[in-house]
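Below you'll find only one chain, the form predicted alone, shown as structure tokens.
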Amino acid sequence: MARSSTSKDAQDLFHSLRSAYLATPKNLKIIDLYVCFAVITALIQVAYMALVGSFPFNSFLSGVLSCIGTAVLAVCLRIQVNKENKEFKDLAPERAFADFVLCNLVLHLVIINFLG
């Protein structure tokens, strides 16, 4: 009996999350897709390293840190661009995107420097 109630609660939760996400603006969904792509790319690199080996370990670390760093910066961009977030209401979306691009440039310069 409790199992049926738990399954119904999980279904209700899933449907409420899905309906709330459908109301999300398109630009935030694109950023979410980019974050998912970066995380999946990092997971593929980790799986490849586990299967094949990690001979050029600096290359592996650079690739994974680049993906994870880009995902973190994209999440920061999503927080700043979200209209419902009251902390960044005075920040223009163009300024948030410029910050994202500049921070990505610095991140990737550090990654390239780490490669040697």
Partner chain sequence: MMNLSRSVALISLFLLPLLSFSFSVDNPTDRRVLVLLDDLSLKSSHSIFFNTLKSRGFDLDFKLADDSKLALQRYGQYLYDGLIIFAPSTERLGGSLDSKSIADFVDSGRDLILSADTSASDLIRGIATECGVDFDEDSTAMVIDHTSFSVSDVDGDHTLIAADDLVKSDVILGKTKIEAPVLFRGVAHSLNPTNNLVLKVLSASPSAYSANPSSKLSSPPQLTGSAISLVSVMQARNNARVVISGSLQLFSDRLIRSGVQKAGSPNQYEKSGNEQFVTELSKWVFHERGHLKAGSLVHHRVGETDEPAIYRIKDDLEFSVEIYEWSGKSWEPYVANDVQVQFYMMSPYVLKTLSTDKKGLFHTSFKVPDVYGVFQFKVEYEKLGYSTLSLSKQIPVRPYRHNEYERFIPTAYPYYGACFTTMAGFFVFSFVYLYHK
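Being a predicted model, the structure only gives us computed values, none of them experimental. Residue numbers count along the first chain shown, from 1.
Keep in mind that the form predicted together with its partner chain is missing from the display, and what follows is about it.
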Spell it out for me: taking its partner chain in the model of the complex, does every residue among Thr24, Cys76 and Phe88 have a heavy atom no farther than 4.5 Å from it?
-> no
Is Ile30 close enough to its partner chain in the model of the complex to count, meaning some heavy atom within 4.5 Å?
-> yes
State yes or no: in the model of the complex, is some non-hydrogen atom of His108 no more than 4.5 angstroms from a non-hydrogen atom of its partner chain?
-> yes
Partner proximity in the model of the complex: Ala92 to its partner chain, non-hydrogen atom cutoff 4.5 Å | no
Contacts from 29-50 to its partner chain in the model of the complex (any heavy atom within 4.5 Å), listed N to C, are Ile30, Ile31, Tyr34, Phe37, Thr41, Gln45, Tyr48, Met49
